[in-house]
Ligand code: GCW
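Single chain ahead, by itself, as structure tokens, in the form predicted on its own.
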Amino acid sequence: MRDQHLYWLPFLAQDVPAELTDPIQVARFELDLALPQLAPELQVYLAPDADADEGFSILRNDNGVTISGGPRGILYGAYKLLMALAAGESLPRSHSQQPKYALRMINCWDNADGDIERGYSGRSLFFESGRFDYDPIRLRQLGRLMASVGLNVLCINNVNVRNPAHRLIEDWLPELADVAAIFRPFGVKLMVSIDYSQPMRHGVTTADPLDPQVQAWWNRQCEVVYQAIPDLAGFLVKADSEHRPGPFTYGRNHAEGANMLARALKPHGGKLIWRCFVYNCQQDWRDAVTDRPMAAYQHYVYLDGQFDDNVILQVKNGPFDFQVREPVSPTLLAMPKTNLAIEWQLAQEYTGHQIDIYAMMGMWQEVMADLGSNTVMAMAAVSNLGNDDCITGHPFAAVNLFGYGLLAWNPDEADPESIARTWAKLTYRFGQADEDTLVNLLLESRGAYEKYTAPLGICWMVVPHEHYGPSPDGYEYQAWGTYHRANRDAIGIDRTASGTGYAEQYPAALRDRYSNLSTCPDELKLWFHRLRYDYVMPDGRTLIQRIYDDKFEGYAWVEEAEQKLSSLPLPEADRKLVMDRIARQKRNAREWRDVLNTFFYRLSGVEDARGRKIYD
């Protein structure tokens, strides 16, 4: 059986030895391991540069190839060279790269009991039964995968703090240091999620960020932590969100809350990553004025310029919560004096649970086109990792991990097709026709999933809490602020200036684009506008007919994909997983098609113009 967790590095079949302790040693090992099978005659020389960091240069001449850079840069360059050789690509005689962002992070939502919140790839790689429990070989493989695509920070515990986060930087510090040592040779630094109210476990009566006792406790604890792990990347915090404590509890703003922790980390070189997922999660569904997507902007934008320089605000790519289709978060466009990180979700919470195929690269490209790569200074993504044989649950979900690394390294060069094709070449080594089939399926998968699940920007039509499968009114009367307000005549939320005003949070160009029905993208029309079912779309179809057509077309795509996948020469272990999951996806897509079409038919009373079966 092919070693599933090697993914796009199948030419590195031997495990990295534990005795290798720095990136240059790992680079030399990987080159010596792979070159005999990839390019036996090629001589590769390493030229460390003490003044360099993560960038690298590859120079080819008659004597071979020289990779120069800092220790991590040399490791990245070695992987770049090996993957180019394995994919049949040729590098120019002189090739240099520098990462766009200094912090390129994976956020794991692993809990100490071994469960993973929103995890679809098995149990935790790090924890089980209330303690650290891991396979060091597997962790080294994860470090190898991260380094191969340039990812350099790993937060190993759940930001929602079901895991006892206080123990990681207190009782479990020796074990945490052992894990940090496993990842260090791959240039990967650890980060940990902390509990904002942590001092209150130690006799401090408050977590008020302006209280001297609170500040003193964090200062002392950071000293202890950095004595054990001098290169810890820092802390990740979720505060005042979904019942978590935070500075609002004490009448303080989030700049005051974040800066207190950042100042404790500052002497040690640590960063404070502060998540901006803050909103009223107890909204009355009768309240048609409060618009949840506006919350992050309202809580943070007025504080622009007030955060310390080692604070990074981590903002979700869209203003809701990793839905199938969202516009770019306006918060990311409105804080030019603040360090910002964009947060993606590799875990397919709302996009198929790593059962349904859903390649994310097209989403990233669209968001980054509106955002611009110079707006943020870091990237983070919620992990799709787990302890299954297939570390991402679905073999094809690995393309999202692979592609995210390339995106975080340089979004200006992260073309969806090139990502999918390079991943396919490295992972499977198919003939051209089969490779084309797989690449096209990956590139089409997001649009197909969107067609059978999310009508033109309407979100949250999922089974509550589980978030898999159709439930058109599942969140409609709940407290999470997630409403589509469909009735017999119309659906959607008016978020223009005449409605909730959400569109006014954008710079003028995007505001005007979204507010004007003629320029608002079809896929976002019901996000920004409330439309009657007989509204005529730009292609001449009515809104209700477009919804019906999308559901039928999305399901038809899955049927066709099943046939195409059955003909691919996948390794047997992958074939079993892929065919099992596409069968589940087909059942799921059929249910989505019939439930949503029936929902809209019962509301509108409008028949499908093409006479297809809708259940009444």
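Treat the numbers as computed from the prediction; the structure is a model and nothing was measured. All residue numbers refer to positions in the sequence shown, first residue = 1.
This next part talks about the form predicted together with the named molecule, which is not shown.
When you look in the predicted bound form, the only residue of R546, K316, R495, K525 with a non-hydrogen atom within 4.5 Å of the named molecule is K316. Site annotation in the predicted bound form: the residue of D133, D321, D113, D473 reaching within 4.5 Å of the named molecule with a heavy atom is D321. Only one segment in the set 358-366, 486-494, 86-94, 275-283 has any non-hydrogen atom within 4.5 angstroms of the named molecule in the predicted bound form, and it is 275-283. When the named molecule is considered in the predicted bound form, W109 lines it closely, a heavy atom lying within 4.5 Å.
In the predicted bound form, the named molecule stays beyond 4.5 Å of every heavy atom belonging to D208. Of the heavy atoms in E256, none are within 4.5 Å of the named molecule in the predicted bound form. Proximity of R118 to the named molecule in the predicted bound form falls within the 4.5 Å heavy atom cutoff.
Contacts to the named molecule in the predicted bound form (heavy atom within 4.5 Å) from stretch 344-358: E349, Y350.
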